[in-house]
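Taken one at a time, structure 1 and structure 2 that follow are two forms of one protein chain, written as structure tokens.
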Structure 1
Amino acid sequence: MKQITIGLLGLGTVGSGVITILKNHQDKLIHQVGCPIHVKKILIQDIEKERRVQVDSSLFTKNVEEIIHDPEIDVVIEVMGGIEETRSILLQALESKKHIVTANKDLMAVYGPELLTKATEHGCDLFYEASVAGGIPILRSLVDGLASDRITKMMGIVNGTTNFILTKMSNNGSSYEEVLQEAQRLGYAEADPTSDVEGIDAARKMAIMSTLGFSMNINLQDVNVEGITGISEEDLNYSKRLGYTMKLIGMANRNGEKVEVSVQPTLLPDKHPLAAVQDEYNAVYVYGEAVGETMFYGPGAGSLPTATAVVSDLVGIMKNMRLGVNGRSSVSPQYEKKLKSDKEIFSKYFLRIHVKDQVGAFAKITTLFSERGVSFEKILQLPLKDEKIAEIVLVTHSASLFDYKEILLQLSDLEVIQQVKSSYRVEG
């Protein structure tokens, strides 16, 4: 091969990083794959816009057809985002025998199986390492490094925005609204942060990881999702008093043939390694039957970390081209999807309730829990300024999600309960 020719879709944060790495690391890339990498066309929306990197304007195009139907372009790198229109473009590119590298988690969580099938049909590679956890090579580790093992659990912080917000709220005692505004100023949060703070971004990543790690088709709809918008300063303070740190945790658990996938605010013991992951950083624990515990840590977003994952995928495609094995790396899921019921999901729980301060109130609460076979590991009881109301904070021993949901319903109906203030999963 004389050279590999690239068409780049998008020149934003990640696209600029890709151009920077291709320029600055060209000698290493040539050593890795044996030929130069040439960017022929870049799809952009605004030709007049000022760019983070210097690029010859003759490379710019607003017409995607110039990329997907150019016979000289070998690989299309998609870093522009979007779902429906982007799916259509990539399907056309695959039909034109273009290999694909994408950083688009939203697209892969929704249309990943369809795109991978199309890639295999046309003898093309479709790699998407950058779609999960930025610069951390977690997907490649699941597919290659841990290919011989049976993954039983994946658990981690996979959204830098929410981790930044929770870190600042916990360390500085700031309100959610204050920290969100700071995150938006620093560029960690979008103008519309819904996807991040409601847990949707993390859920898409967990769906992708679970599909690969468990070798079964896990969709976004299969992930139980709860965001961080309801977390209060009081919740964080009580967590600290009890020796916990609050994180938005993605969890994927397999027992036998059945799996559970969730994203939710979770209390971790202060000594847990994930509790020490600060600010915009990501970290993922992977448990395998043979390897035991492994942990992957690093920047979960940003121009160069994400672009590093994109260009690493590009190198993988180029090596496959030299070997003549493109389109053979995608493996269809091995197992039928079987999701756990609430009766099969077990965890400890943190519960904060306001109770009428009267004789026998706590006894009624403990009776309700004991009828379901749920006992307490930790209890805090504090009077509030209103002398007629007490605040009780409980951490249960392990209970089924089914029993715990039933308890919450019955608590709400209990005459001595003024309000169930908050409830969170406890792990570790």
Structure 2
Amino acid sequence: MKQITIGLLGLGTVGSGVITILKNHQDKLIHQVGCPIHVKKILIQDIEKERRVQVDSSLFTKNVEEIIHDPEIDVVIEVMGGIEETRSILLQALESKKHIVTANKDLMAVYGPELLTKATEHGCDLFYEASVAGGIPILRSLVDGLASDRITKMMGIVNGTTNFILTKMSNNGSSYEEVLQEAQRLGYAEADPTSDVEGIDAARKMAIMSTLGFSMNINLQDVNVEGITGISEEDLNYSKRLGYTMKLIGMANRNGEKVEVSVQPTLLPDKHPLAAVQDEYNAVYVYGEAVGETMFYGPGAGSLPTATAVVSDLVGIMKNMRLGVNGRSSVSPQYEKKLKSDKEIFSKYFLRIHVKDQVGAFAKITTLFSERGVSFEKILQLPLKDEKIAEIVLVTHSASLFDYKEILLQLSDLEVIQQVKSSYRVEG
């Protein structure tokens, strides 16, 4: 091979990082893959836009056909985002026998199996390391590094934007809107940050990780999702007061043949290692039957960290090209999907309620819990400005999700309850 030729789809946060790494690490890359890497065309929307990196403007195109049907282009790097249009572009690129690198979890969480099948049919590689946890090589670790083990649990912080927001809100008392804007300015947030703050981005990543880790086809609909938009300053203050740190936690758990996958705001004991993961950083615990506990930590978003994963995938493709083994590394899921029912999912819970301050009110509440065999680990009762209402904060011992949901339903019907203000999972 004299050189490898790339078509780059997108020159935003990640695309600019890819150009920077290809330029700055050129010598190392040539040494690893044995030839220079040449970017021939770059797909963008706005030709006039100022770019973060210096690129010869003759490389720009608004016509994707110039990339996917160019016989000289070996690899298409997709860092433009989007789902339907991008799926169609990548399917055509695979039909034209282009290898693919993508950072697009939105796409892979929905159309991953279809695209991987197509890639195998056409003898192409399709790698997507950057789609989960930015610069952390977590997918390769699950598939290759832990290939000999049986993974039972994956738990972590897999969205940089929400971790950045929660860190700044908790540590500096900054407002949600202000920090979200900063995360957007720094290039951590998605084009539409709703998917970050509503937990959808993290859920897509958990679907991708659990599909690979559990070798089972887990899709977005299988993930129980709750985002961070409902978290109030009061919740953050109470969690601190009780010795917890609030994080958006992705959890994938396997017991026997059954799995549960969720993304939800969770109170972590302050001493929990994930509680110390700040700003846009991500961290994932992976538990294997043989290896025990492993932890992966690093920047979960941003231009250069994410681009590192993208370019490493490119190196993987080029090594496969030299060996003539492209399109052979994807393994289809081994197990049929079996999801746990609510009766099989257990956790502790934090609950903040406003209660009419009257004799017997608390007894009525505790009766509901004790009837379902759920006891309390912590209880706080504080007066509010309105003297007729008390604020009660409870942390339960472990309860099934089924029992806890039933209790929440019955609580809202209790005459003494003015409002259930918030409820979160508690780890530990």
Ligand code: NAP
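Keep in mind that what you see is a predicted model, and the values were worked out from it rather than measured. The first residue in the sequence of structure 1 is number 1, and each one after it adds one. Between two forms, the rigid core is the largest collection of C-alphas that superpose within 1.5 Å.
Which depiction, structure 1 or structure 2, is to be taken as the form predicted on its own? Between the two, the form predicted on its own is shown as structure 1, not structure 2.
When the rigid core is used for the superposition, does Pro333 move between the two structures (threshold: C-alpha shift of 2 Å or more)? After core superposition, the displacement of the Pro333 C-alpha between the two structures stays below 2 Å, so no.
Taking the rigid core as reference, does Glu289 move its C-alpha 2 Å or further between the two structures? No, shifts by less than 2 Å.
Glu177: after superposing the rigid core, is there a C-alpha shift of 2 Å or more between the two structures? Yes: Glu177 shifts by at least 2 Å between the two structures.
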